[in-house]
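As a starting point, one isolated chain is supplied in structure tokens, in the form predicted alone.
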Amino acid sequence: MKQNYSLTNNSTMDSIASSVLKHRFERERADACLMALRAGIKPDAWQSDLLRSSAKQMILLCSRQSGKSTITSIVGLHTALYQENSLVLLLSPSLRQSQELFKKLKDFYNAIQTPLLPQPVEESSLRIEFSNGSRVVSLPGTEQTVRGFSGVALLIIDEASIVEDALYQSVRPMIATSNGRVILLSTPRGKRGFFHDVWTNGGHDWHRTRITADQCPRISAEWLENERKTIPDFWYRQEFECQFVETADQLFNFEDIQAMLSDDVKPLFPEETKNYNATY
């Protein structure tokens, strides 16, 4: 009788443990913040907002070391684990940067792995495929490497301010049929390119997040003050205050160039140009 009681008790405990895991699985499906906590990340307020956002297009204008790539990798992992047959694409200007973002995602998966979560069925230094059909692929930001992908559920572009405009335009169609999401994250790099344009002119279609270094609890005021004295002012304002400042090698500032442009001036068409040349 004692042995039977023990067997029954073990079976009951296993059932309770399974029920707890399933409950946690569903709670984390509904709230990515819970998954982040289990991975060892205590999200800042803005990071929690990002994890819980359902916005289709998000742009993060954040200082260095503010945690933008860390929390974005959690978003990517959550998408892959809880959205079956999804493709998460990680793009950066270089392969090394893409691999760093990918490594964070894999490390977080290893930290939270349980039998209930989808399991890796194929894995390399550049991609991972899960048993639920989802894939995460990291690529350097060149047109040659990204063409051919389609049906992307989540497109993450890291260091977006130094990604070429042509590449951004070529990857946008990847989310056309999947109704996928886009996250752009970067510190600013001058008043130019699609990242600056999206931030300033993207309209209400974009969920914007701006976090300066003094808003990050992991960066001390003393360290920032010392850094302000050490590096050039324009570089500090760009890297830590998230300002779109003029580049060091720029001959004309952005406002002067914009002031020279006008929609009221009629352009010369080919025929008119020919007549102009013939006259003079």
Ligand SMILES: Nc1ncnc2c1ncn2[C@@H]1O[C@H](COP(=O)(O)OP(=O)(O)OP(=O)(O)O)[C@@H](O)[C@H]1O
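If you're wondering where the values come from, they're calculated on a predicted model, not measured in any experiment. Note that residue numbering begins at 1 and tracks the sequence as displayed.
Beyond what is shown, the protein has a form predicted in complex with the named molecule; the following relates to that form.
- Picking from 52 to 60, 23 to 31, 220 to 228, 36 to 44 the stretch near the named molecule in the predicted bound form, with a 4.5 Å limit on heavy atoms, gives 36 to 44.
- Proximity of residue 215 to the named molecule in the predicted bound form: non-hydrogen atoms within 4.5 Å are absent; the residue sits far from the partner.
- Contact annotation: residue 104 falls within 4.5 Å of the named molecule in the predicted bound form, judged by heavy atom distances.
- In the predicted bound form, the named molecule sits within 4.5 Å of a heavy atom of residue 65.
- In the predicted bound form, no heavy atom of residue 238 sits within 4.5 Å of the named molecule.
- Shown without its partner, the chain has 187 as the single residue in segment 177 to 214 with a non-hydrogen atom within 4.5 angstroms of the named molecule in the predicted bound form.
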